[in-house]
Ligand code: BG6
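Below you will find one chain, with nothing else, as structure tokens; this is the form predicted on its own, and questions on how it binds or moves follow later.
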């Protein structure tokens, strides 16, 4: 059940890894946005903890450089809000595996936390996954994570990736469970905070028009695509350890697939929603070697600039087999989806930046408009996550005139055009839910297990056999064999 942090309670937000890019560019700007919208309790404080030595003032200057005025138009008003917010921000440095350093953080917290009001402590582990367990254990040893019923509540947020396979993910889950219980743990996937993704359940279950058609009888195939027109760049060292399947497909894209394929929950209770997502993921057959194509971008001229190949990126071994592109066909083994292929692709160094879900419907049976010179296109529902969030439906219409000529027409809902005001950033939505105690958009342990079960077998096959990714030019559409994979299922990527 949702537990709100009330105005009579105190909130301490502790960001472990506060000097890193994620914290400075995403987490603290999102907290500032919530502050500007008066969505944080009156008694709150933010604490940064990292290895980099800094004073409070240096930390505040670092944060100031990334805060923006989305919700506070006017320079003087924005400046006032920033100064007020930064007064609530403090910093202490230390190692992530040091009980003594975290005890110093405990002392800092107690200096600012009111002693006579209920307290919620929110720990955000904005650090690499290999540091999760040492940091969690140090929090425990220093007494920071101790809960007192009715007086003090603790929650922890951890960022993906959650392990490298099912085995390492289970070990991470068991280790964190020694300090934080499952109800205290919020596994964040920022794609679930995006407005279009949150709208998927509304689109399906609040509109009568879609749900009767949302099955194998009417849908030919589903395509879920994620692409970037940039390479690994400054993240090459991290990326080479994980690759595109772990970095994008096993989490972001599987979460989209779960929301597309899940059954309607009994109600909007977070556990009921997550129960249906788990059931959907458990119905997905593990990906096999013959179901997947992997690729790696090579050097090329793209949009007038010479782009390095992946193997030339700093921090990448010259013999790396880490894929920067993957395309797979997934099958959902249940009555609703049996026989419908789900095409999933993700890649870097491609010819565009986009994240989309395509629901491709079947051809109209016995279509009276089909003929030798015209084949009406099937309907296509497109849910665009980025760069221009929106929903469009392609339908066949008659072109005005004296002859019957058909044309595919797009009914387009653009979020930017349809909705006035600022659209919240994903981290704003997710952090507000953590503050409230709403876990609807966070990943449960058994959901994580089900997701890893889908990709772990093929990851082991690819790596144990040292399968060489197929080369593709930077700025192209990816390996040609991905088209052949789609064609085996009478589908395309476009």
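Not measured: the values here are computed from a predicted model. Positions refer to the first chain, counted from 1.
Not pictured, yet referred to below: the form predicted in complex with this ligand.
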### Query
in the model of the complex, which of 87-95, 310-318, 235-243, 134-142 comes within 4.5 Å of this ligand (heavy atoms)?
235-243
## Note on the structure
Residue within 4.5 Å of this ligand in the model of the complex by heavy atom, from 331, 121, 274, 194, is 194
#### Entry: Candidate from 384, 155, 187, 252 lying within 4.5 Å of this ligand in the model of the complex - any heavy atom
252
### Query
Does this ligand get within 4.5 angstroms of any non-hydrogen atom of residue 226 in the model of the complex?
yes
### Query
Though only this chain appears here, would residue 220 touch this ligand in the model of the complex if you measure heavy atom gaps against 4.5 Å?
no
### Message
Although the partner isn't part of this model, could you tell me whether residue 216 comes within 4.5 Å of this ligand in the model of the complex, counting any heavy atom of the residue?
### Response
no
### Message
Please determine whether residue 160 contacts this ligand in the model of the complex, using a 4.5 Å cut-off between heavy atoms.
### Response
yes
### Task
Using heavy atoms and a 4.5 Å cut-off, decide whether 247, 348 and 353 all contact this ligand in the model of the complex.
yes
